[in-house]
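Form predicted alone, single chain, as structure tokens, below.
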């Protein structure tokens, strides 16, 4: 696994500590990121669902990581402490940028990003005010990489009546929802693998015109599938778009499944597509 080894050393050194002890440790990375946590609703009807937003405002030159960080790095981890009846789902990650650090390629975010976390409240939760706490671990990097351990919380009102959106944060939610990769049924994908070569073929109306394409990149959800530092070469043939990839150097055999985000930039803007393809 390709991670920040010093960070694992820190975790190993505190492995006998409780989560509370870990979050009591110095958090040097926090100096370079302003993190906030808030819900999309300020009033939520019992038995319904919403989203929490975990927003990072990063200092100039610093970045944090996507769910698959690439050649190095660690994605943010969240541990929820919520009353019974609150259920949190997996993080929805906005599509990442590429960072080139000498011979390494990493995937992540600079300036700002927001992770979206869907959650629901069961019918049995009584109306009232509830506090939700998140214990957060993440890594920020510039010339050096620094870990951060923080605790954030929000309060939400559960009601027997209709839900009410928090209008003050809707623009922020809309902006980052637009960056979440989505299914595109106008784009058909298939791939072949031979040795360390993986060829992803894209067909259909969703294939961008060759003259409009600015860039295209496949980000696998899991590490050790596709080599992050290898060039991804796009080739057009008979209206199809072929993306040449390389199997991770940590694999002994080609992958049988490609799961990830395909980010396509054209003259019209950026489109991020969820891909799940079997060989």
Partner chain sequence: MKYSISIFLLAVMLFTGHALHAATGENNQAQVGEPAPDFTLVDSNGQEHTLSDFQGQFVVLEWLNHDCPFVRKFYSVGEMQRLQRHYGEQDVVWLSIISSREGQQGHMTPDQINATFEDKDVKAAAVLIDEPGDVGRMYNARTTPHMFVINPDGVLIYDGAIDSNSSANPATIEDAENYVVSALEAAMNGREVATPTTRPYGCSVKY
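Every value quoted in this text rests on a predicted model; they were computed, and no experiment measured them. Residue numbers count along the first chain shown, from 1.
As for the form predicted together with its partner chain, it is not shown, yet the points below apply to it.
- In summary, among the residues 153, 126, 209, 199, the only one with a non-hydrogen atom within 4.5 Å of its partner chain in the predicted complex is 199.
- Residue-level contacts in the predicted complex: of 145, 132, 117, 136, one residue has a heavy atom within 4.5 Å of its partner chain, and it is 145.
- Though the partner is left out of this view, residue 192 does reach within 4.5 Å of its partner chain in the predicted complex, counting heavy atoms only.
- In the predicted complex, residue 184 stays away from its partner chain, with no heavy atom inside 4.5 Å.
- Residue 101 belongs to the set of residues with a heavy atom inside 4.5 Å of its partner chain in the predicted complex.
- Proximity of residue 235 to its partner chain in the predicted complex: non-hydrogen atoms within 4.5 Å are present.
- Partner contact region in the predicted complex: 103-111, out of 162-170, 103-111, 175-183, 81-89, criterion any non-hydrogen atom within 4.5 Å of its partner chain.
- Interface residues of 40-72, taken as those with a heavy atom within 4.5 Å of its partner chain in the predicted complex (partner not displayed): 69, 70, 71, 72, in sequence order.
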